[in-house]
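Heads up, the chain below is alone and in the form predicted on its own; it's given as structure tokens.
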Amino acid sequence: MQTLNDLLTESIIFANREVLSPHYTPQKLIYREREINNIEKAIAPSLKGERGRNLFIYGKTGTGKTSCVRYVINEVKNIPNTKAQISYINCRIYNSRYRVFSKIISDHLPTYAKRGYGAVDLYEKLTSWIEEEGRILVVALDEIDVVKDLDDLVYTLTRINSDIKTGGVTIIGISNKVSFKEELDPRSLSTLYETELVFAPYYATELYEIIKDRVAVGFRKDVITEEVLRFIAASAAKEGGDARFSLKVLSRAGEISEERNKSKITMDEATQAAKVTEEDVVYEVISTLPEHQKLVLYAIAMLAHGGGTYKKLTDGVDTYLFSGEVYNRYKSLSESMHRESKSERWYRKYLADLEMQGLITSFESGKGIRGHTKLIKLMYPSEKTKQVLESDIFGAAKEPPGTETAGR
């Protein structure tokens, strides 16, 4: 076990831990030149004092969406005499219209922000500030889909452009959910006038080059071999091409090597780090799902764990669930929690989002299995998935509703 003195001594593994952080923005983002260029094109009118089109960026976690937007924002900050004023907002923290507006005011009018004004006052102050010098406010909303009153936020931000004579607002929305706009009210959708940009997952070869670039700065010389790097890249590719995953494995492997008083990272440390990181990442994703997606996933986990009736298939290795029974269990859970269950249309969207996150996989059964239906498979251990969801949804001390029927 490491002592405090051990922790304070200079590391023989790490040279600069910061570059392994998912929040670190490198000077060059490899394999994302096209995406960066598209963001630059979208933001270019704002730099000239013109209203640009709103931009919505989609892609799985770890595909570089946030890094690319931050990279372009840093570029803009170095351009002199531009009309563009930028606010980057993490919507997991600023998750309501009022909080978003408060953050924008805090960024650009900090003395006004501390006075405790209401939403209408903030709106009027912001529009006056934009109009007085024809400014273009670029609002980058990271994880925009988690904003509680998203319709109100989108409508209010776009409404500014109708209420002022000079200047304007451009929105950059970042989301892991391609379908999130479908949840917007038609009134909000009609005001957007947006361009879309989709970030594809990284290939193993690309992930290898990305982590190799970070290792050159983040680790001591000759601490890690090419074989270990390729293993980590391949592990991240299996996790959906997630660069964050590869960086977390790298960092954890280094920590395990330090704990073992080793001067190098071997395949043993990398393998253990990949296993631990996979579990951490999966359950981190689960904890951030919207409520109804959690309930759908919980229904799947309950049935996969043995709570189904006859509507379940197995090939001796994997268990497949019928979509209809999952939906019925989801409705039952919703009712037991005094929530109104969503329609089958929304349920299908939730399944698509869960599949995009890599938590489930599904396919159409084809003919021969009760006609034509969708089969669903949970991608992670059902017991652990249940435990995480039970703690998150119901609280550790409470017994989940509906569990008395789980074994029937």
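Please read these numbers as outputs of a predicted model, since none were measured by experiment. Numbering starts at 1 and follows the sequence shown.
Although it is not shown, the form predicted in complex with a small molecule is what the next lines describe.
With the partner omitted here, the residue from 158, 251, 319, 176 that has a non-hydrogen atom within 4.5 angstroms of the small molecule in the predicted bound form is 176. Contact annotation: of the candidates 329, 103, 244, 292, the single residue with a non-hydrogen atom within 4.5 angstroms of the small molecule in the predicted bound form is 244. With the small molecule left out of view, the stretch that reaches within 4.5 Å of it through heavy atoms in the predicted bound form is, among 47 to 55, 24 to 32, 375 to 383, 348 to 356, 24 to 32. Proximity of residue 135 to the small molecule in the predicted bound form falls outside the 4.5 Å heavy atom cutoff. When the small molecule is considered in the predicted bound form, residue 60 lines it closely, a heavy atom lying within 4.5 Å. Within this chain, residue 38 is remote from the site of the small molecule in the predicted bound form, having no heavy atom within 4.5 Å. Taking non-hydrogen atoms only, residue 89 never approaches the small molecule to within 4.5 angstroms in the predicted bound form.
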